[in-house]
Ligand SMILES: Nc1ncnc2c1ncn2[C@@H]1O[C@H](COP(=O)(O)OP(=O)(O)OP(=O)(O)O)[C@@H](O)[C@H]1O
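Presented as structure tokens, the chain that follows is alone, the form predicted on its own.
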């Protein structure tokens, strides 16, 4: 079996459109759901990008739940609920899995990471013969670190390889330098038989060379090269001709 085949823990996600109860209510009215038929994932890295409100995070959450993760994030073994706010989209999503099962996994999402950190502390306050859970995350309480450092600590220490890693806007708390470090770590984990599915707005994180980028817009879902994405084009325009862009943005005379 080739490496690419071994690491494709999730192959496709298909919307069961004929079973949707109503196209007018959440989450079925979201643009990403209206446009979705079937997505094929890269065996290494797949990006979901697009403007806010398209429904990327909702789709990513549904994929994660279908893969066996807790809706609020964490490992396959995390089972807690701080606020039951996830959508029912996973009920109408058929996720095709690969032949092999991942040995590791993590669903990392920016908006509920505080809840994951709290759950780890709760687990460590219970009697156990297995050692502290926080030791798997670098040994320092995630609540005692900055948001960005706790994010990166989990990514650096807890992601072990041979895993399925689903991440929702991981750049939210990371500096550009940390984002570059994250790219390097993704590369290491890819060579340790891992698969990533990432929703992001960061052109830096989108730069992994062996990947698929799906851009969601009002015009549909399209595969893009990094240089073809709206995110990259806008950032390039800003840095290439900042004064002109600011002139139009501020309506200067």
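Since this is a predicted model, take the numbers as computed values, not measurements. Positions refer to the first chain, counted from 1.
The protein also exists as the form predicted together with the named molecule; that form is not presented, and the subsequent description refers to it.
- When the named molecule is considered in the model of the complex, only one residue from 70, 211, 66, 58 comes within 4.5 Å through any heavy atom, namely 58.
- Between the named molecule and the residues 104, 149, 90, 169, the one pair within 4.5 Å by heavy atoms in the model of the complex involves 169.
- With a 4.5 Å cutoff on heavy atoms, residue 185 does not count as touching the named molecule in the model of the complex; it lies far away.
- Remark: residue 30 counts among the residues lining the named molecule in the model of the complex, judged by a heavy atom distance of 4.5 Å or less.
- Taking the partner from elsewhere, residue 54 is found to have a heavy atom lying within 4.5 Å of the named molecule in the model of the complex.
- Taking the partner from elsewhere, residue 38 is found to have every heavy atom lying beyond 4.5 Å of the named molecule in the model of the complex.
- Figure note: of the listed segments 202-210, 221-229, 46-54, 188-196, the one touching the named molecule in the model of the complex, with heavy atoms no more than 4.5 Å away, is 46-54.
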